[in-house]
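For reference, the chain that follows is the form predicted on its own, supplied as structure tokens.
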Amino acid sequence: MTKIKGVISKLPNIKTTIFTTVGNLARQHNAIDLSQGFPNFEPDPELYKLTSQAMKAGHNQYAAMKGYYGLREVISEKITKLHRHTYHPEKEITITVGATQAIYTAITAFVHAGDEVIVIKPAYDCYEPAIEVNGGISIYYQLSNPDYTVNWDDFKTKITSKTKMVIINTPHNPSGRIFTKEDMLQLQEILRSTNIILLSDEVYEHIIFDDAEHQSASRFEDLAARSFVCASFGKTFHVTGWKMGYCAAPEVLMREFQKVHQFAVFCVDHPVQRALAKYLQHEEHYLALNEFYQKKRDFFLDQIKNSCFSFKPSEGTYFQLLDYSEITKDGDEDFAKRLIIDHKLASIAISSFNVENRNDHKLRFCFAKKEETLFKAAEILNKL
């Protein structure tokens, strides 16, 4: 058999994602899995019903490349109502295979070899490979520990003549913090005199706590004019396996985005788009999520309030960081592994998302779980 020789990888340093590694280890040891960001409860039965109806109505062939217009229309209306900025449904919104595809497509459309992209760390692990495979260079800005805040004067020093794009994530995974209005205004001023594109990962846009508001890049005139806003229906409606998301951007940017999109996936699941178009017309389906997930956060934290872990309540997302420095000085990867093998509880070590694997002595736990699951997890944590 002929073998291809001399294969040169475009991603030579990419290893198996930590989510796969931890997930496999959790299954091997039958551990309670609070590591990966997906719910272990069912979505609204109404969403199932609407999807089934769309299938039975014959919407089973290709959707429009940009996405079903009715869905793009209701997304536009949602953003206008929440953030007072209007995206044209035909020219400025595209339905994507989840937010990850939207992020990859935006990077691919604009990042050339040698371009620099500023990545705020700790960061979800899909940004850097997309930059690297397109010949770009990741420039890291490390958030402070323990508060995970941005010093915008320091951030500004990362910008050079080669900076093509900045990536932000709010609400932020894994820290659970949100960018404030002041954060966004400072970022807007820093970028105002540049041609830098902003990629705003807002997949947890509807999971914000303690009466705070999501400060979307869409809210700020100059940011909106240079931004790709990427969002996820999977995260919002507890159906991560459906891989449904969307991207909103001004026409001049979206035009280039769609050139890549049409040859990467062309279009996404048609009946689900039809179902979502109807489901989104009832705003309580997404506006009620803040209270829904805050109850889960508060339940989880109340159960471990007397443990040896310390924490600051998550401001958004469905993740909570727990500081274990009063328990052990071990590295977080070692402690997380021991927690799975010896105590049957899975979490995510944060060091893998930091610059040079900085150890913050924190683990990330997902509280998008049934109350009984959170209770069992808390019992384990309280014994440590």
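Model, not experiment: these values are computed from the prediction. Sequential numbering from 1, following the sequence displayed.
Unshown form predicted in complex with glutamine; subsequent notes refer to it.
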Of these, 34 to 42, 355 to 363, 63 to 71, 339 to 347, which stretch puts a heavy atom within 4.5 angstroms of glutamine in the model of the complex? 34 to 42
Ok, S227, Q273, N173, S216: which has a heavy atom sitting within 4.5 Å of glutamine in the model of the complex? N173
Of F309, F257, Y124, Y293, which residue is found within 4.5 angstroms of glutamine in the model of the complex when only non-hydrogen atoms are counted? Y124
So in the model of the complex, are F19, K235 and F319 all sitting within 4.5 Å of glutamine, heavy atoms only? yes
Considering only heavy atoms, tell me if F300 and glutamine come within 4.5 Å of each other in the model of the complex. no
Can you name the residues of 190 to 225 that have a heavy atom within 4.5 Å of glutamine in the model of the complex? Y204
